[in-house]
Each structure stands twice: as structure tokens, then as C-alpha cells.
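First, one chain by itself: the form predicted alone, in C-alpha cells.
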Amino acid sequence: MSIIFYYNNEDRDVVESQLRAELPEHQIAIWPQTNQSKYAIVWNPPEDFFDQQPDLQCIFSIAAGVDHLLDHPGLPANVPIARLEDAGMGEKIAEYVLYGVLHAQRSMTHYALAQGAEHWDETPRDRHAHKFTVGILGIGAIGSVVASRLLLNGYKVKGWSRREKTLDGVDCYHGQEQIPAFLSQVDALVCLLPLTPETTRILNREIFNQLPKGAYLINAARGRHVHNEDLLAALEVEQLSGALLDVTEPEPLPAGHPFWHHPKIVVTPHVAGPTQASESIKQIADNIKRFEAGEPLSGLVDISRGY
């Protein structure tokens, strides 16, 4: 069977090597080569990627998110898409979120501002972890790993998802009608949602105003989840105490963007959950074997919902 591969990241050679090792019986073409492939394994393919691939039977995303495919103008209709489920990224994102939660719990934004003003502020501002509540928007495969890490560190954890879920130790909420109750006691809000039309700009004034005053925002999902102007306004009136943003819109941020030098915003360059080559390719290879055996795929995307 033949595969067309596109992954234009700096570790492409490593990923390609892993792919060939996991699937030695398959012919693998590196785009722009064409070989009338049965499978495509891709991350953020160019606009004309699918033009010479009329026979695709399945598309595999080298990422947990699939907005790079669903927004693609040449995406073929009725071809199933499978995304990564965790594949080692959950542990890395859990570390990133834990850093952000500690930053918020220990009031590090306040102390950074005090340092900038050359002000030695010894006023106690610490809250114990068991009195600090973290809310996770998006309790999926990765969100569950993040929740477990936070619970191990003594935090109270709430989770929200579109559909009802249960997770040991987590107060779970679901559906639009339960968002206000979910937000009402959250000290740090973590966004791990997939990007869909419904979740675009979900981190906006309406959401921020339902959080307790002084809550902290952590976004490790997609930049388009955030309404930038509403975030800046919430920081200005201290409805939010700060934000840790691993993703932005646009990305990368252009020179002069207000996020770069905002004293209450920490920006990182989309590094919270880098692709783990070995785990990712093994998961894709296993999925191809499932597909060929007529078995259900892991991470199969519901196109109507976008994940």
C-alpha cells in the first residue's frame, strides 16, 4: 500500500524515519512526489496537496487538532480523518499547565509587577493548592492527563465538555447550560478545546465575566479560541489577573502586537505539547493496521463537530 507524507517541521527527518520503520511494507512518497496514494499522513499540508490524490481512503493527522485539515480548501469529501489521541503530548501539556497554575496560585504576575516597580511587597498572597480551583475546558484524552497531574498536586479540578463525562476526582460539567456553574468558582481557566466554529472566540468577555474576579487564563489549545480585544479589556479592569498563552492569533505574533510587552501576559511559541515522534507515528501505524483489518479507528474525527 502507498502513503503520501507531508510534515514540514524541523524534526521531519526523524518523523519520516520512524514512519518507515513502523510501516516497512508500505511505499512512502514525500510530497510533492505523487504516487496515487491510499493514505495521507500530514500536518498543515499546502493548498495543492490533495490535487493529485484522487484515490485517498483515509487521512491521518500528525496532531491532536485537525483544524489544519478542516480549513483546507482541497480537502476531499467523504474521506475519513483520524487525529492523534494524546500520543505523549498529554504529559508535556500537563507540565505546561501545572507551571501556569503554580504561577497563578503563587501570584507570580503580581510579584513580577512589583519587581518592575522596584517595590518589595511582602503582603501574603499565597493560597493553598487545595483551596485553588482549576477549570479545564475540554476534558478529552489530553484534558484527562492534565486533570490527573493537577489532582496529584493537590488542586481542586473542574472539567467541562460538550457531552457528559465522568472522571475520578473531577467535578464534571457538560453542555452550554452548565457553563455558568462550571465557571463560577474557577481560579485558573485552562483551554484545551478543539477549534471548531462553535469554539472560535469562546474565550471572550461573556466567559471572562462569569469567572471570579482575578481569575487566571491558560490557553494551550488554539489562538483563535481567544477574543484578543476582550482579553486585553479583562486584564485592564482586573477581571483577569493574568494569562499564559502558548498559542495566539495570528501566529507567530507580529512585531508591535500588544501581547508581546503586556505586563500580565506570558507568551510562549506553541511549545506546550510538541509532537512526540515515536509515540505519534506508532499510533498512526497502528491505526493504518486497524483500517486495513476493517477495525474501528482511534481518534476518528466527526466532521460535523470538527473533532
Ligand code: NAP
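Just so it is clear, the structure is predicted and the values come from calculations on it, not from any experiment. Numbers for residues come from their place in the sequence shown, where the first is 1.
The following text describes the form predicted in complex with this ligand, which does not appear among the structures shown.
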*Among 256-264, 48-56, 240-248, 24-32, which stretch has residues whose heavy atoms lie within 4.5 Å of this ligand in the predicted complex?*
240-248
*With this ligand left out of view, which of 128, 201, 213, 163 would have a heavy atom within 4.5 Å of it in the predicted complex?*
163
*Taking 4.5 Å between heavy atoms as the contact cutoff, choose which of 97, 221, 134, 217 touches this ligand in the predicted complex.*
221
*Is there any non-hydrogen atom of residue 227 lying within 4.5 Å of this ligand in the predicted complex?*
no
*asked:* If we define contact as a non-hydrogen atom of the residue within 4.5 angstroms of the partner, is residue 270 a contact of this ligand in the predicted complex?
replied: yes
*Answer with yes or no whether residue 104 is in contact with this ligand in the predicted complex, where contact means some heavy atom within 4.5 Å.*
no
_I'd like to know whether residue 188 contacts this ligand in the predicted complex, with contact meaning heavy atoms within 4.5 angstroms._
no
*Members of 118-141 lying within 4.5 angstroms of this ligand, judged by heavy atom, in the predicted complex*: 138, 139, 140, 141
